[in-house]
Structures are given as structure tokens and as C-alpha cells.
Ligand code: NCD
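So this first bit is one chain, no partners, the form predicted on its own, shown in C-alpha cells.
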Amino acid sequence: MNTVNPLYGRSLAVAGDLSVDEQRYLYRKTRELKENWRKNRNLESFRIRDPELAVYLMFLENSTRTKESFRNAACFHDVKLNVFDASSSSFTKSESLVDTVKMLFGYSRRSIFIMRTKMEGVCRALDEQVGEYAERIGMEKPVFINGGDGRHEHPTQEYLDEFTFLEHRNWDDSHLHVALIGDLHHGRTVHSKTEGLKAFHSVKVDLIAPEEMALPESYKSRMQENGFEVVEWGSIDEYLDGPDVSDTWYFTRLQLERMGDEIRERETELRKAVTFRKSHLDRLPEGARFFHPLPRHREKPVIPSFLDSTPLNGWDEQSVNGYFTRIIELAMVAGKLGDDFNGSSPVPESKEASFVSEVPVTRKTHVEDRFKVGIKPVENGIVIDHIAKGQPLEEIWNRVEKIRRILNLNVRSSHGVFHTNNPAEFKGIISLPDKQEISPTELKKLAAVSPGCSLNIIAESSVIKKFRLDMPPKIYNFAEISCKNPECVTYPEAYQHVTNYFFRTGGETFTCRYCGKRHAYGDIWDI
């Protein structure tokens, strides 16, 4: 096995785990496989054929198409297939996912786990935790493939969707105009399109859903950040009255099981807004094709059955494509394919950029000399200055309290809120005469809880060192932070013992590494 292969051993937790070049490689190889299969040619060049490779189907949530297409794909490869039955496992005894996977992957020299869970971010967490364990005991790191996790993502469905769109467009990847219709709020297949649609050079997305089922703002923002043109419509009727109707329609079902009672009570009204009717037929552009990740609701489908035998039916071929794309996905991560890949892979995660910088001391006298009231000058100690500068008074006091609690500043001290040089602007100050030094860890924690502040070390009534603390690119390993998504694998009540990890995605917005939920900076803190 060529371990230099850039695709070998890669987990697929989200659609973006394959670069655009790697996705196009996947589609090219799938096209070759499908053409050879249809012409009854020899397919050995695609087969893994390794009895030491175990493929585990761990579907902790019901599935037909994803599970069966992966099962058949594994059978194609002639590997050791294991269909995991959660109902008869130790999950019923509250065993953690990590413990279960650690046990299973020890049974084979190499392992691929295909996961479907209600919990979000599971594959990323397992890739890290079990990967560390494998390295510790000298075994090959297992691969994890996300077959759908809650409302988060479904990358392998996204790959088969993009392959199908390309096939429909005769492999022209220059431009795609697609209408996404239905429950865009809860539909994980649509969420994966924020990255998957980048397989096309130019993308326009029409979002068609009532407000209650609209695409979450975070995913819409990510589409726009990726350069997609995005337009929103409240219903199919409203959309067909518009000036530019797509010829590629992608429907999703109403996921009533994930909706609240108030929304479910309006099911009829909401369903009507995203269900195609016969009266719409003559308003479609020439060559239009409909797609759907399936299954459809057998009684109330958004694509009614009268369309099944029409040229609009693209969903049946789309479903079959799941088999071919998943054969290639397994071949890629198992190292059977990829030696001839010559494009770019995802950029490795950068080392943490410095956000704590020492700055020259331009004023030797300690900072409190500027104030007439409130804080006694410090002869020796530390002064934290410019806390939440320019923020409302309530936020400044809140930030001062957070600093004291998170840094455990239960020492003799004083603090307050004062004017800056601008009489209309305020800032917080904490004076710590009993604290003579601060550790690098404390500096990072201070920067995380109060970016923009400065720290002055005072000796003999003069500032001898000064640090400026900027907004960090990552915040993690703090007991005082948490993802506020109750479906996230890091959520305390999930009891999976995954450490919270956030990375900054612009301004003061931080995204959970596991479930992808975006948080305002202040929302990640628990105190």
C-alpha cells in the first residue's frame, strides 16, 4: 500500500474534508467506474480486495439508502463487512461511542467506520480520540465516514448529489444554478452543499422555503463567503413568478421529527409551499430535472408520484449513484485509488498564531496615576487595563467579573470602570498588587475571555512589561466554555467527554469544531 497517497487513511466528517480538486477526482473516478460497469468491463482496478480491512456499518439512526449502498459498496470491494446492531450492543448499557469503537477496531489490521448518529460531530471527535489511541498502541489509525449526523452534515450524500448534477450537465462544471426546496433548516444534505457546490466554478443558489424552514443564517453566510450568489423565496409559487428559474431542482422532505410542536401544527400550510403541483408544469424551463436525497413521504411527497415517469425524474438515477460514489470513496480512503491524484488537498490546520504580544513600554509611570478615584496606585503587581473598551457599561462590568472568576483572582485587589481619554467612552481596570507574575496559560486565558485588553507588570511604581491581547483564532481546553447545541457531541449531557474547541470565523464569531454551530463570542462562555 502506498502510504504517500494523499487520500489514504482520510476521514470524511464534513463535505469540506475533501478539497475541490479531490472532489473532482472522486467524480472522475466514479464516472470511469460507472461507464465500465455499464459496458460490462473488468472492474478489478477499482476493487480493494483486502481481508484485513474491516468496514463497520454503525447506523445508530434508521437508514435505507445510505446504509444499503455502503453495504453493497463494501461487498464489491471484498473486504470484511460488519453490520453493527446498536439495539443489542452495550449502548443499551450507556457505553460511550469511543469505548465501543476502540474495542471494534482492535479486531482488524485496518478499519473503516461508517457512522450515522443523531449526535452531531461524532466522526470528527472519533477521528481525533481513537486516532490518538491507535497511535499510542502502535496500530493504524481507523477511518471515519459520516453517513449523516443529526442536522449537521451528510458529506457522502453531497458527493453523490454533485456527481449527479455533473452527469446531468454532461460534465460541464463551469456553472450551476440550483434551486434548493423544502426543509432547509433541518436538512443536513443541504447544509453539506455549502462546501460541496464548490465543485462548480460559478454557483447560483435559490433557497425556496417558508421562514420556519429557511436555511440557517450560518449556512447561508458560508455560501456567500464561498462566492455563491444566493436568493431566497418563500414558496414554489413565488419562485415561479420570478425572473430566473433554475433547471436543477433539489427537494428535501419535511423533517417533522426534528420540528417543534408549533411548527408541526402548521404542517399543511408549510408543505403546500414546497410541494410541486401539476399547475406548475408549464412554468418550468426547458430541460428541467428534479432531484431528491430520498425517501419521499409516501402519503404527502413534495415530488408527487405523477412525476415518476416524466423526464423530470432525476432522483431515481441519483439514488443509484450512491452505490458508485461510495465504492470510490471507500477505495480512496483505503488507498486503492489516489496514487494518480495530482491536485491540491485541504490546507493543513495552521499552527496557532500568536495573539499575545509584548509591546514597548512608552510610559514608565503606572497606569493608575491618570485616575482621581477608584483604584489605589500599585507599587508592585499587575494591572489589567482597557477591558471591554468602548462597550456598554453592563458589558464592561460583565467582562471584569468574568476575568476575576476565570483567572480565579481571589486576592487583594481593586477594580472599576472609568473614562478613557474620550469622556464618552469607558473601559474596565483590575488592579492586582499581590500578583507579581502571570503564566503563559493565564495570558492565553485572559486573551480569550477579554480580547483587546492590555496587561501591565508593575515594579517599583513603574511599568516594566506590557502585553497587548488580541482576539484568539481558537479557544479550547477551557472548562468555562461550551457549545450551546444540545445535539453536539461535546454537550455535557452527551457524556462523550469531548473537549470543546472553537475557531474564529470572522469578527467575534466562533464555530464549534465538531457540530459546525456558529456562536457569538459571548455565547461560548458559561459564566
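The structure displayed is predicted, hence computed values, not measured ones. The first residue of the sequence shown is number 1, and the count goes up from there.
One more form of this protein should be noted, the form predicted together with this ligand, which is absent from this view; the next part is about it.
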Checklist entry - Out of 462 to 470, 40 to 48, 61 to 69, 484 to 492, where are the residues with a heavy atom within 4.5 Å of this ligand in the model of the complex? => result 61 to 69
Checklist entry - Though this ligand is not shown, can you say which of 325, 157, 450, 194 has a heavy atom within 4.5 Å of it in the model of the complex? => result 157
Item to check | Partner-contacting position among 270, 115, 294, 334 - heavy atom within 4.5 Å of this ligand in the model of the complex | outcome: 294
Item to check | Interface membership of residue 188, this ligand in the model of the complex, 4.5 Å heavy atom rule | outcome: yes
Next on the checklist: Is residue 255 near this ligand? Define near as a heavy atom within 4.5 Å, in the model of the complex.
Outcome noted: yes
